[in-house]
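In structure tokens, one chain follows: the form predicted alone.
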Amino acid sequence: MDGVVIAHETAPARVLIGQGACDRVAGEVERLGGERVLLVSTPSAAAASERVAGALGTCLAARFDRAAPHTPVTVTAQAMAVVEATRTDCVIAIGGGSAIGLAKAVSARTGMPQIAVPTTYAGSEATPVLGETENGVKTTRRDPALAPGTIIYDPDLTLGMPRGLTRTSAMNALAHAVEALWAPDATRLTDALATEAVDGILRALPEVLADPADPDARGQLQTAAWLAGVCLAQTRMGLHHQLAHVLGGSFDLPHAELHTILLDHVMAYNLPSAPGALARLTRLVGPNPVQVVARLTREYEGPTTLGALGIPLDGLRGIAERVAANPYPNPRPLTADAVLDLLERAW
């Protein structure tokens, strides 16, 4: 029988999840054949980095704590100088997307194995995707070799996340799952993962915001974000992620806050052209999923508009034209005027 043949590939992954999982990191280094570890992080992950450093013991050869958003190639060059000076053979990322992106960039340049220990819900650790920024332009590539050899999810490392970052990072994860629902290469498996991720995030996030130090709620949110990250790895992202990449690279903006500000606007634009995604979201949250997500954005105590992030209004036309000229796959066709209208609403 003739018909459409869908090819689904699932990358091999080893995931440790649960309280105390990060204490097993030295064993994972040995399993991957490493002996001298470069530990990369951001200053905001200092406490978690100290715990992982202690668990590594004599395996720890060097540290680099200047990972930056959008993985600037200039920062990667600084980390590579440390690699060459200390002869490290394994890289561990501790933190959010900035640290994990830097570890991927180092691994891509050296071939060394990597371990990701996320302290946010960004999801990059579950993907074979690397986005790097050079001269204000962010380019993204996908390669199975970019995926970490081990991911360690330990909710203990997320207990100190501020409420604001908790919200925006979870919204980042939510965006992965929502876009997977309208992806052109969605399958029954990605639909199931995305649906479970959306449900888990929307259920656990209010509990975590009410009691950020609750490890059970943190663990539930972390698990849902993992599923969303797998969606990001398995499907092609659309307009929402393209806008986050172009805006973030052009204006050096925080990735999670961009996701938070943009998501309900992109949902309002795309859902009329994505009936399958709309049906699944409606079953989960009721007749107006856009309103549910918009409420989560409005309750954020930080910037909730592109204007509040400092983006100039007269810069939006150029962004819209760049997006429309080379669009990511998207359920609703894009024109520069339509994208500009969306951006102005978000501004």
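Heads up: residue numbers just count along the shown sequence, starting at 1. Since this is a predicted model, take the numbers as computed values, not measurements.
Just so you know, the form predicted together with a small molecule exists too; it's not on screen, but the next bit is about it.
- Taking Thr88, Gln242, Thr127, Gln114 one by one, only a single residue has any non-hydrogen atom within 4.5 Å of the small molecule in the model of the complex, and it is Thr127.
- Of the residues Leu202, Ala217, Leu165, Ala268, just one reaches the small molecule in the model of the complex with a heavy atom at 4.5 Å or closer; this is Leu165.
- Residue contact with the small molecule in the model of the complex: His70 places a heavy atom within 4.5 Å of it.
- Contact annotation for Val198: none of its heavy atoms lies within 4.5 Å of the small molecule in the model of the complex.
- Put simply, Gly97 is close to the small molecule in the model of the complex: some heavy atom of it is within 4.5 Å.
- The closest heavy atom approach of Lys138 to the small molecule in the model of the complex falls within 4.5 Å.
- Considering the small molecule in the model of the complex, the lone stretch of 190-198, 127-135, 205-213, 272-280 in range is 127-135 [heavy atom distance within 4.5 Å].
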